[in-house]
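Next up: just one chain, as structure tokens, the form predicted alone.
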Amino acid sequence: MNYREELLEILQDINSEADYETCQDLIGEEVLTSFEMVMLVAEISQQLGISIPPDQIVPENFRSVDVICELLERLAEEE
């Protein structure tokens, strides 16, 4: 399943001023704060029904929309 559109909607709800489409380092460029990361993980769980285990909540898995989508697809397959 492609989670891109749903993920972009969630991200826009969290911070509508960020350019998620082109940013390649959401963490390094401080587009997502630690608080927003917590919100993102909670919203993904609530809206998409995908729980992200604590050991997967690392900067490498949240660098860009594409990387987050890959994580979601991988986790969805494991469930």
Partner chain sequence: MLLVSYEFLFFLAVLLALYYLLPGRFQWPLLLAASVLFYLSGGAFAIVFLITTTVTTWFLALRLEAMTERAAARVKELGLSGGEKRAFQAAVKQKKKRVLIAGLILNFGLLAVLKYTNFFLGNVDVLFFGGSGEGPYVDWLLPLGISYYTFQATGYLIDVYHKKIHAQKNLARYALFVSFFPQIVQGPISRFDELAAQLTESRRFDWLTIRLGLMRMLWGFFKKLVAADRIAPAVAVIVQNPDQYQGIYVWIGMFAYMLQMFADFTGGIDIVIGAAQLFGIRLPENFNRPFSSRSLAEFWRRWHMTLMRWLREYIFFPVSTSRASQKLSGAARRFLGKGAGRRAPLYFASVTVWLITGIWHGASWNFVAWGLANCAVLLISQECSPLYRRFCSRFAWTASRGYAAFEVARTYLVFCMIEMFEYYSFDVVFSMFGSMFFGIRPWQFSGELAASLGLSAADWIVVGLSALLMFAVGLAQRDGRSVRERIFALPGWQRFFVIYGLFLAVLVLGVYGQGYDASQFIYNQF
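Everything numeric here is computed off the predicted structure, so don't read it as measured data. Residue numbers count along the first chain shown, from 1.
Although it is not shown, the form predicted together with the partner chain is what the next lines describe.
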With heavy atoms only and a cut-off of 4.5 Å, decide whether residue 48 touches the partner chain in the predicted bound form.
-> no
Would you check, heavy atoms only and a 4.5 Å threshold, whether residue 15 touches the partner chain in the predicted bound form?
-> yes
Any non-hydrogen atom of residue 66 within 4.5 angstroms of the partner chain in the predicted bound form = no
Does the partner chain come within 4.5 Å of any heavy atom of residue 57 in the predicted bound form?
-> yes
Counting only heavy atoms, which residues in 27-44 are within 4.5 Å of the partner chain in the predicted bound form?
-> 30, 33, 34, 35, 36, 37, 38, 39, 41, 42, 43
